[in-house]
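One chain comes next, on its own, written as structure tokens: the form predicted alone.
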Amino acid sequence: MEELKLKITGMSCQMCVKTIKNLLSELEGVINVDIDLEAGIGIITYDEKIVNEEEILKNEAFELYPAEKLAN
């Protein structure tokens, strides 16, 4: 398992968090999505044998809420 830590912009409420989690949960290989709304930080746990960072960042969730990778 790998973790991808992201700075996510554009979130204003728990519905935004739920939308991101729902969209990412549709992506095979994503195991867990933890989002801190106030900090604007998301940590995505994924199986690197099934999905990679680039595929995660191309998800529709990040078209709605732009994200950039943070150093681990």
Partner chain sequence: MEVKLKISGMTCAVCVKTIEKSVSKMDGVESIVVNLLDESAVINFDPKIVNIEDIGIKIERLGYEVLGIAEEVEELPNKETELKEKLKKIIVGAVFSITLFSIMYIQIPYKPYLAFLVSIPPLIYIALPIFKAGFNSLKVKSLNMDVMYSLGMGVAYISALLVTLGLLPMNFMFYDTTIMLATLLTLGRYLEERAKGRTSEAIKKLMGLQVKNAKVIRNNEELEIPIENVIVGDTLLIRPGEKIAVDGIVFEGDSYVDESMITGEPIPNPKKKGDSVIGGTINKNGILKITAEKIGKDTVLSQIIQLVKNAQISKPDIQNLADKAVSYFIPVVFTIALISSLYWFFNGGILLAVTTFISVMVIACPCALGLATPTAITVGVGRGAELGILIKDSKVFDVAGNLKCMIFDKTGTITKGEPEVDEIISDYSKEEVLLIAGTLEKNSEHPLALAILKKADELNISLSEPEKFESITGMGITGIIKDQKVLVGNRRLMEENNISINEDYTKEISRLEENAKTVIIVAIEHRIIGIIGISDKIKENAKITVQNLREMGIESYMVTGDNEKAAKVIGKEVGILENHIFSNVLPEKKSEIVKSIKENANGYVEFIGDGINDAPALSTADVGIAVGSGTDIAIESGEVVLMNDDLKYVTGFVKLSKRVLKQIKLNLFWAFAYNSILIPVAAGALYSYNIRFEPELAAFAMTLSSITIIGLSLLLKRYDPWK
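Positions refer to the first chain, counted from 1. What you are looking at is a predicted structure, and each value in this text was computed from that prediction instead of being measured.
The protein also exists as the form predicted in complex with the partner chain; that form is not presented, and the subsequent description refers to it.
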### Query
Lys49: heavy atom within 4.5 Å of the partner chain in the predicted complex?
no
### Query
Does the 4.5 Å heavy atom contact test between Glu28 and the partner chain in the predicted complex come out positive?
no
### Task
Answer for Glu63 alone: is it within 4.5 Å of the partner chain in the predicted complex, judged on heavy atom distances?
yes
### Task
Classify Leu23 as contacting or not contacting the partner chain in the predicted complex by the rule of any non-hydrogen atom within 4.5 angstroms, answering yes or no.
yes
### Those residues of 13 to 29 which, in the predicted complex, come within 4.5 Å of the partner chain by heavy atom
Cys13, Met15, Cys16, Lys18, Thr19, Asn22, Leu23, Glu26
